[in-house]
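First comes one chain, alone, set out as structure tokens in the form predicted on its own.
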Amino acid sequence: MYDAIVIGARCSGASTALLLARQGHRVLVVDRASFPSDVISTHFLWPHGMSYLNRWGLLDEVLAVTPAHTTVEVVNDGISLTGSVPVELLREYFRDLHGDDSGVVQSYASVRRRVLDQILVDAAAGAGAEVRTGFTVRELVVEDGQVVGVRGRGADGEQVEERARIVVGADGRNSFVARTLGLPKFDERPRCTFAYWSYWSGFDLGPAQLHRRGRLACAVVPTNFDQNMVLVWGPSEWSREFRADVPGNYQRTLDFVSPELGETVRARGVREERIYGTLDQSAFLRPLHGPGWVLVGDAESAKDQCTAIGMTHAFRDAELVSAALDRWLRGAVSIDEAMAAYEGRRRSQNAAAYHDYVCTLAEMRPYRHDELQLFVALRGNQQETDRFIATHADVAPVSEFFQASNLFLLNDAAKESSADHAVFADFAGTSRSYQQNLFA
């Protein structure tokens, strides 16, 4: 009899198992995959994601094989901003959500999943969790309406049944746990992005660059193995035409969004792997918990990749749910009280506002004149530029940065004019041109 069975041993699952095992609980974590292995992921960690790794004593192992930076360049229709997530905002984030701000670091990194997931799985096993890879869960064991365990097939083909006080579904947006329980989706947002990426050697552009022009975007960020992850994305309604010529349209997107990056990839880049892609980016929420079960990560809240927040949120969920379950397993609170505390933090007003922010960005509508004017106003205001980046990364509350009074003050203090930027020269004509499908 285990205290917890965790289904899924990727970012949210292995982290949850690690933390529960360190708290002295008997944990089984299972995954149908073997490790090390990759999975469809844009594999970016914002500074709070890196801070979780530091809190758990794993950051040095990641940094030994992964480049990291503190500044990021964000370019919207040619308007460039460079900044970082402020340390004090990171400390506030951890104090508000977890009650302490230990381990905060300001760096971010792009960590391949074959690297990161193996580190997490090894750490979970090292903490005392029992790890079974190549294990396929076939059934949830349910008695009197409560989940009490799992039945499945191990790597050796043997059918087994295991029981636990709680079953944690950390098995992604297509969660077996959620489907088996018939859990509904709500706040569904079908409008989303398509995304394609690959890995390139031959150049070093330093810190991450995020570019957007019209309804298309691209990014380049250094990652493991002396390579760069180069990603392009756009509105899902253009995906069918994009897929008609993936290599050609991948390069076409780079050339349109950032001609400089497009030329770098064309002239100096050596593609080291195939081009990967995903169309399954629609956002939704699911119920967080019920009798004998709880969900974490994408299983309970799936969002578009456009802010690259998924792994960081998986770590957040792992720390929140393990703290709540630990209090219950130790007898300090009832399971209902523990789950209410978890839900209160996960489904807060700030969390709802950020979910809406991501879903709105994922529609990939061209920026309005006033939105681009805001980016102009931020230039020369480093403090507010950094706060904008922190807001985009879900460190600072969306409602605080985008409240009308703050936007008024930013525009009033602007040091540059929109006349200095080409996108405003014929804004109406440019906006109309952005609605045309580049791949049609």
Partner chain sequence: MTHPGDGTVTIELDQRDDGELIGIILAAARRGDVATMARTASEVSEMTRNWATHIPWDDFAALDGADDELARVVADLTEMWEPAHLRNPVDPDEEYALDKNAYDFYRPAGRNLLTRTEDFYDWVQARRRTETWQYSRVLEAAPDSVAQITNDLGRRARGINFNSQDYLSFNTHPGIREAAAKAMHDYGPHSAGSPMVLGNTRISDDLEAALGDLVGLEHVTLFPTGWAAGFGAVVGLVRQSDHILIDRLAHSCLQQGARAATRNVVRYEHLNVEAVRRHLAGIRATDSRNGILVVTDGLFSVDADWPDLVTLQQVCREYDATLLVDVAHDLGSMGPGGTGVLGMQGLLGAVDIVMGAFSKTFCSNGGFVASRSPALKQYVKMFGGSHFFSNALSPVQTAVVREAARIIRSAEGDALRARLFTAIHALRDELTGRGLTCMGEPSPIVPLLIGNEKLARTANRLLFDRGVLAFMVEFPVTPTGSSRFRLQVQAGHRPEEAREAARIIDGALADSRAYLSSAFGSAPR
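Since we're looking at a predicted model, the values are computed, not measured. Positions refer to the first chain, counted from 1.
Below, we refer to the form predicted in complex with the partner chain, which is not included among the displayed structures.
Judged against the partner chain in the model of the complex with a 4.5 angstroms heavy atom cut-off, the residues Arg347, Glu363 and Gln403 are in contact without exception.
Just one listed stretch, out of 39 to 47, 52 to 60, 22 to 30, 66 to 74, contacts the partner chain in the model of the complex at the 4.5 Å heavy atom level, and that stretch is 39 to 47. Contact with the partner chain in the model of the complex, judged by any heavy atom within 4.5 Å, is made by just one of Glu273, Glu130, Glu337, Glu263: Glu273. Contact annotation: of the candidates His355, Arg165, Arg213, Arg327, the single residue with a non-hydrogen atom within 4.5 angstroms of the partner chain in the model of the complex is His355. Interface membership of Gln382, defined by any non-hydrogen atom within 4.5 Å of the partner chain in the model of the complex, is ruled out. With a 4.5 Å cutoff on heavy atoms, Asp304 does not count as touching the partner chain in the model of the complex; it lies far away. Mapping the unseen interface onto this chain, Glu143 falls outside it, with no heavy atom inside 4.5 Å of the partner chain in the model of the complex. Taking the partner from elsewhere, Ser236 is found to have a heavy atom lying within 4.5 Å of the partner chain in the model of the complex. For the partner-free chain shown, Phe402, Gln403, Ala404, Ser405, Asn406, Leu407, Phe408, Leu409, Asn411, Asp412, Ala413, Ala414, Phe427 of 401 to 440 come within 4.5 angstroms of the partner chain in the model of the complex, judged by any non-hydrogen atom.
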